[in-house]
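Only one chain comes next, encoded as structure tokens, the form predicted alone.
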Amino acid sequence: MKENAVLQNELNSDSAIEDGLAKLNPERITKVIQEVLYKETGPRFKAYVETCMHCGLCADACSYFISNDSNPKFSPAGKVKRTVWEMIKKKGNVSTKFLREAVHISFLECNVCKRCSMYCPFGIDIAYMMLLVRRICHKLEITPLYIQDTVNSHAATSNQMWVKEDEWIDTLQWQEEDAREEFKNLRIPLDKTGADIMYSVIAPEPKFQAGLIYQTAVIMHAAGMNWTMPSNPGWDNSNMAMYTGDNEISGRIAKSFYETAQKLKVNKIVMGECGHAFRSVYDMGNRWAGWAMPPFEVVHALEFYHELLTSKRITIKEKYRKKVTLHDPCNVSRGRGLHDLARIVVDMTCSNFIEMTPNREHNYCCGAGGGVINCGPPYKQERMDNNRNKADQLRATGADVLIAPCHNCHSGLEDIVEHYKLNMEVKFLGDIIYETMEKKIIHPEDKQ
């Protein structure tokens, strides 16, 4: 127990990991690892394992490697060597001490941001390898506590924050009532069959950031959109199960989300500013639900804002004047290629834009994505230490405002700004649009 206590302190473990490790035996460990590596994978995994030359060209692509003074154990190839290759070498016969480290490496030393794959001469997807390690951790029941609780909540209540159905509806009605003080005819339509758009959010919005729903309602109203939001479970588009290796729950969450849109017979789904949620609906959850691509057109808020501005459905009254910089969320930039659209929107709404270096698909991860921030408070200080490189990048811009069009990025970057005393305000792109847009004129009869 003394050795475990020391290791727990060094690796910043938590009770769920330690309790899970205590229940394991060598037979179960070996069986699960062999099942995942040899029965749940195929040619892709074999090609990655046999192709890697250990050249290290992926190293400088990783924020963890850079933030830790180029320590080779933090290089992407080093993480695979310390986990997957060791499991293969020992045919799954590894110790609980090894597994404790594997949990830590895969969940807390990798954001599965895929930046390293851009610099690998063979295009090896190291994020995929780390997700396999997380899959093994899931099946061995040694997933970090906070992110597992999030998955459990989503599985039980169809949203990750345990928001009750009446609370969800009450929140929408509350935001509608507040917005109607500005616009008498504004509505947040619930369960409107055949609408052009189903607008979807992640559960933290009604729980902690209901004002974002207010802003969206104003934007929709000003643009004259035919839209709706669902009242029934299935409205939460987040899906942290895809980051814990729980593919079964991930597929069920995605299927419920698609079925909600199907029942409403909408033409397309517009998703709020959340990169991991977009990735789960557009590129991962759909596969576990049995679809190569989603059964609906799915667009991220960035695409939607771009459409509204370029079509002049909404116009900008006066550009935002503070000096701004733009963070590129991994899942909508590298994952979907929306970085140029984001810059068009920023240029249309802001008068003083400063680029980060590097930027676009080469931008560094926020340090919070991939489920890392969802592992909770026990790991915050470690996360801050590993985000030193991102802090340096932000500081170099000299910007007053940091635009982060993704919830996880927004939260993670706020932590970095506070910890490193960067004196920057973090905003969503929707915040900027709401502040600068021309809102519809209230007619005299509307005031009555």
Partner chain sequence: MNYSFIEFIMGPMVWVSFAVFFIGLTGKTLYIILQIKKKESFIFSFLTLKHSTRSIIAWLIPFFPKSTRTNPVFYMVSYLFHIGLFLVPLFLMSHIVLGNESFQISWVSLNDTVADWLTVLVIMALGYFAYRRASVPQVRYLTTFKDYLLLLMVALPFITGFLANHQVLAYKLMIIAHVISGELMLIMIPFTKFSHIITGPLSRAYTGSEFGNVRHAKDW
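Since this is a predicted model, take the numbers as computed values, not measurements. Positions refer to the first chain, counted from 1.
Keep in mind that the form predicted in complex with the partner chain is not shown, yet the notes after this line are about it.
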Does Ala396 reach the partner chain in the predicted complex if we count a contact as any heavy atom within 4.5 Å? no
Indicate whether Leu422 is a 4.5 Å heavy atom neighbour of the partner chain in the predicted complex. no
Considering only heavy atoms, tell me if Ala289 and the partner chain come within 4.5 Å of each other in the predicted complex. no
Since only the chain is shown here, I'm wondering whether Tyr379 would be in contact with the partner chain in the predicted complex (any heavy atom pair within 4.5 Å). no
Taking a heavy atom within 4.5 Å as contact, would all three of Glu167, Lys207 and Ile433 count as contacting the partner chain in the predicted complex? no
For the interface check, one of 307-315, 92-100, 69-77, 213-221 should have non-hydrogen atoms within 4.5 Å of the partner chain in the predicted complex; which one? 69-77
Just to confirm, with a 4.5 Å cut-off on non-hydrogen atoms, which of Met384, Cys52, Val401, Val32 contacts the partner chain in the predicted complex? Cys52
Of the options Ser117, Asn247, Asn152, Thr171, which one has a non-hydrogen atom that comes within 4.5 Å of the partner chain in the predicted complex? Ser117
Which residues from 274-290 come close to the partner chain in the predicted complex, meaning a heavy atom within 4.5 Å? Tyr282, Asp283, Arg287
